[in-house]
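Next up is one chain by itself, shown in C-alpha cells, the form predicted alone.
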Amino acid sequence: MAIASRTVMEGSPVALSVRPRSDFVETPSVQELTERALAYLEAGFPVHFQGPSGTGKTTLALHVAAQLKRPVILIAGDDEFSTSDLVGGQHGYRYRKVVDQYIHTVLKYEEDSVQRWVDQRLTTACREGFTLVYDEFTRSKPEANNVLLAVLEEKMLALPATNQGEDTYLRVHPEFRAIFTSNPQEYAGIHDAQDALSDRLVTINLDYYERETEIAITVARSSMPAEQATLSVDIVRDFRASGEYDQIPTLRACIMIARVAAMQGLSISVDEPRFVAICMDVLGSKTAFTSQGRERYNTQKEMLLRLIKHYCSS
C-alpha cells in the first residue's frame, strides 16, 4: 500500500466560500438544531439531516457548514453516480516530446504520454480539509457511496490503481467534515442507505417547522409584513393538515404565495381575485392531473376558498 498525493490537474472541483445567507432565520428551534449538529461535527462525526421535502434540510446543512468557516464542496446525489464520479479518475493524456539537436548531424527525440488524473469532489474535500455537503445522498446507488466508509471511519480514501497497478490511499485532512441530507425512503428515486454507512452518521430527523418559524422564514424570504405573511402561512398550514392533496404543501408554498403577492402589491383578502388565484395555483398544483385528481381539485378549491374567507375576510 502506498500513501500518495496525486497531482491535481486542471478541471478539478472548486470549493464554495459559503457565508450565512442574509435572509436565514434562526429561531430558537433552528438554533438548537444548528448547535446539535455543530457539536457532532466538532467531535469528528458526520451529520445526516433526514426529513421530507420542504423541511429546509439543504439550507440548514449549508448554514451549519458556514459556521465551520471552511470552504464547502457540494455534491447532489444522482442515480448515475459511480465511485469515480466521487473520487476522480484518469481523463485524457498529457504528452511530452523532447527534441535533441545538440550535435547538428544527429536528431534525437523522446516522446511519451501520461494519463491525466482529475480529482472529483470527494477527493478534493478530503485532500484540502473542506466541508463536504452531500445533498440527497440516497439518490446515489449504495455501491457508489461505499468509498465513504473508510473515509468516515478510518480517515483514508482509497484511490484507483496507478498505471503500475499499485493501489494508493489518501489520508483525510484532519479538518475534513461531512454533512449529509436525505428524503424519506418512500420517495421516488430513493435508494436504501447501506447499514454500514448509516451506522457512521449521526442522524437528526427534521419535520416541518412550528408556526412561528414558518412565519419568520416567510417574512424573511418574501418581504411581506408579518401580519399578512401570517395569514398566508395559516392558510397553507391548515391545507397541509387537511390531507386533501397528493403532494404535501411545504414552507415553499408559503413563500411563493407571500412573495408574489408582495411583489404585486396585492391585499391578502378574499376580495382580491389575484391573491385567491395565486393560492389556487400554488396549492392546487399539489393534486395529480387525472380525472380523479380533477374531482379532488374541485373539492380542494372549495376548501381553499373557505380557508381564505376564514383568515382573510375584511
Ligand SMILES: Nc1ncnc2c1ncn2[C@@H]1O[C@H](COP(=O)(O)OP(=O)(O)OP(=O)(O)O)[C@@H](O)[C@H]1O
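Worth saying up front: this structure is predicted, and the values here are computed from it rather than measured. Residue numbers here begin at 1 and follow the sequence given.
The same protein also exists as the form predicted together with the ligand; that form is not shown, yet it is the one meant from here on.
Not displayed here, the ligand is approached by residue 217 to within 4.5 Å at the level of heavy atoms in the predicted complex. Among residues of the shown chain, residue 303 is not one whose heavy atoms approach the ligand to within 4.5 Å in the predicted complex.
The closest non-hydrogen atom of residue 168 lies beyond 4.5 Å of the ligand in the predicted complex. Among heavy atoms of residue 255, some come within 4.5 Å of the ligand in the predicted complex. Shown alone, this chain has one stretch from 66-74, 277-285, 264-272, 46-54 that lies within 4.5 Å of the ligand in the predicted complex by heavy atoms: 46-54. Interface residue among 221, 191, 173, 237, judged by heavy atoms within 4.5 Å of the ligand in the predicted complex: 221. Taking a 4.5 Å heavy atom cutoff to the ligand in the predicted complex, the contact residue among 128, 85, 136, 244 is 136.
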